[in-house]
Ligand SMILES: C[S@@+](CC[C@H](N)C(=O)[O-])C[C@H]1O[C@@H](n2cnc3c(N)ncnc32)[C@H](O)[C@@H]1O
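Single chain ahead, by itself, as structure tokens, in the form predicted on its own.
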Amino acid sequence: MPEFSNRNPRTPEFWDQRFEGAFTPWDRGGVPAQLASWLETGKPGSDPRVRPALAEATDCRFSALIPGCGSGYELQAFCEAGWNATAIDFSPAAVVAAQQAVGAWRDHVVQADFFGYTPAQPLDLIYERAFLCAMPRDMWPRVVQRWAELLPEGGLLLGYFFFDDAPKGPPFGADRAQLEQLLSAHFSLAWDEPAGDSIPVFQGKERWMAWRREKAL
């Protein structure tokens, strides 16, 4: 592992140094198979009840947000599948990497802080991949609260969740009971499957999951 001067993953500089140093072990270099299949078929994994909730999108194009996008490969997949997708990252170096990776969709990559970002239109879906686990665990309640604020009733929190008990990170893994406790105030679990093609840093420790936004109390 290279030596880096910044050890605080709460800061953009932490991630800038890693992208600029080409040290990105979380980057799979493409789109996970389960997401690609879901986007291609329009079928949400093993649960056919989820898609109708999205069919109420008002402009005939579903709207998705990809926070902490890194190199942004999934953005291209969403856009090519007809979604109005936006990828954000607070690291300038990550934004440059994503814009280079997604080609024609580069205008859909925005430098922004997730906690202060407001989408241009209401969201139908937020995609999670190595964003929650990139942040220290004491920040997770803020992340979940912001997910809940951004998604309307019936919206989906879709993606990959990392489970591990190692005290140091990133990546910072979740305990299953901890994750369910955090999410259950705002979301219900729609499906949960093993990830089929994890890269080494996540191998055997991540799940392909979807959580539906419940009606706000």
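Computed from a predicted model, the values in this text were never measured in an experiment. Residue numbers here begin at 1 and follow the sequence given.
Just so you know, the form predicted together with the named molecule exists too; it's not on screen, but the next bit is about it.
> Within a 4.5 Å heavy atom cut-off, is Leu123 in contact with the named molecule in the predicted bound form?
Replying inline: No, no contact at 4.5 Å.
>> Just checking whether Trp208 would be counted as a contact of the named molecule in the predicted bound form - the rule being heavy atoms within 4.5 angstroms.
In response: The answer is no: Trp208 has no heavy atom within 4.5 Å of the named molecule.
>> If we define contact as a non-hydrogen atom of the residue within 4.5 angstroms of the partner, is Trp26 a contact of the named molecule in the predicted bound form?
In response: Trp26: contacts the named molecule in the predicted bound form.
> Hey, in the predicted bound form, does Arg129 get a heavy atom within 4.5 angstroms of the named molecule?
Replying inline: Arg129: yes, in contact with the named molecule in the predicted bound form.
> the named molecule isn't shown here, but in the predicted bound form, which of 150 to 158, 33 to 41, 173 to 181, 66 to 74 has heavy atoms within 4.5 Å of it?
Replying inline: Within 4.5 Å of the partner lies stretch 66 to 74.
>> Which residue, Phe114, Trp83, Trp105, Trp140, is the contact with the named molecule in the predicted bound form, using a 4.5 Å heavy atom cutoff?
In response: Flagged contact: Phe114.
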